[in-house]
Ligand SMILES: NC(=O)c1ccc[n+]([C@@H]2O[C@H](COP(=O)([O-])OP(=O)(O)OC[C@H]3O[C@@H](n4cnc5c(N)ncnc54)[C@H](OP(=O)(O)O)[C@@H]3O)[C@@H](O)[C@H]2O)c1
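Consider the single chain below, provided in structure tokens and representing the form predicted alone.
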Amino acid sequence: MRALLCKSHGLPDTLVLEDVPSLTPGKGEVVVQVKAAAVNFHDTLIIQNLYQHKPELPFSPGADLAGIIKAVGEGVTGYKVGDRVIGLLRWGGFAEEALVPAGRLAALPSGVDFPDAVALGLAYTTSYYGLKNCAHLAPGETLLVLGAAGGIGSAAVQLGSVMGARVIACASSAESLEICRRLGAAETINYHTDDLRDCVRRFTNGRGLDVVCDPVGGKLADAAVRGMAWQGRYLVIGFASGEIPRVPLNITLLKGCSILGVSRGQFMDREPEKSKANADELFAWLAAGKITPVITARYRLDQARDALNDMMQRKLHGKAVILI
């Protein structure tokens, strides 16, 4: 089988596509014949050895995959050969086959295709975990989403709207903000031309933000924290800007607000039943048409390096998918 391998840490062009032996499942594992894999910002970090989890070389990037179970290992129950599934991993998806622990699988409902399923993966499960389990977002609350046209951000805009929140989307271009409005954003902020604090004050009539979803970090964090409402919740999801912000903690004291870390991987490992319930809810919403992932680019496996380069150069909106 073919796999895109990281054999030495570096930029996407250092990855190599090679034929490697087919996989055999170990205890508690299955082998999935991969049909689609999502492209995530985290993939660009892990190949450079910049992510907190550091796999041994060589490895394939790709945190989310969807496909058909090819083989089942000892002790696996609830899944069989031929089942359609999504695998939620940290790496291993950019290949024709992948090893997936049974606890990181979710069954796909009939009618859900592989690209849509995998586009739902990291972005939607992370956003939903943050909004539901960490922030306890309630109907009628105001949600600000930073980086709202990216994978995590666009998921948060759509999910926040479905959950009954009033969503304010922040992105860098008119094109990106139009996508956000189509996903349900009530208000939009262009952080190149608008003042974030002034817009938040105006859009909330001075009350402030109940929840902030931040997959970006960087210089916007300070203004967003200062825009929090009393007992607001700030979700730290990632640092796509490349800068980890320094938050003035005195602001959290004055506003009685909380800063909450959102780690999907830890949630899956520590609370697998809740994680699976979230995934089942998301797939039910997808099957019912309540949510629709925004897939703006599709690549072949031999084009995966181009996909990662496009991600690093911020050419992508919504989700990009590798079709295998």
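In case it trips you up, residue 1 is the first one in the sequence shown, and so on. Everything numeric in this text was worked out from a predicted model, so none of it was measured.
As for the form predicted in complex with the named molecule, it is not shown, yet the points below apply to it.
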query	finding
Contact residue in the model of the complex, chosen from 152, 144, 95, 159 - any heavy atom within 4.5 Å of the named molecule	152
Position in contact with the named molecule when the complex is considered in the model of the complex, options 33, 263, 296, 278, heavy atoms within 4.5 Å	263
Candidate stretches 39-47, 22-30, 286-294, 53-61 - the one whose heavy atoms come within 4.5 Å of the named molecule in the model of the complex	39-47
The named molecule in the model of the complex reached by all of 85, 114 and 303, non-hydrogen atom within 4.5 Å	no
Partner proximity in the model of the complex: residue 238 to the named molecule, non-hydrogen atom cutoff 4.5 Å	yes
Contact of residue 9 with the named molecule in the model of the complex (heavy atom, 4.5 Å)	no
4.5 Å heavy atom contact, residue 311 and the named molecule in the model of the complex	yes
Residue contact check: residue 227 to the named molecule in the model of the complex, 4.5 Å heavy atom	no
Interface residues of 117-139 toward the named molecule, as seen in the model of the complex [heavy atoms, 4.5 Å]	122, 126
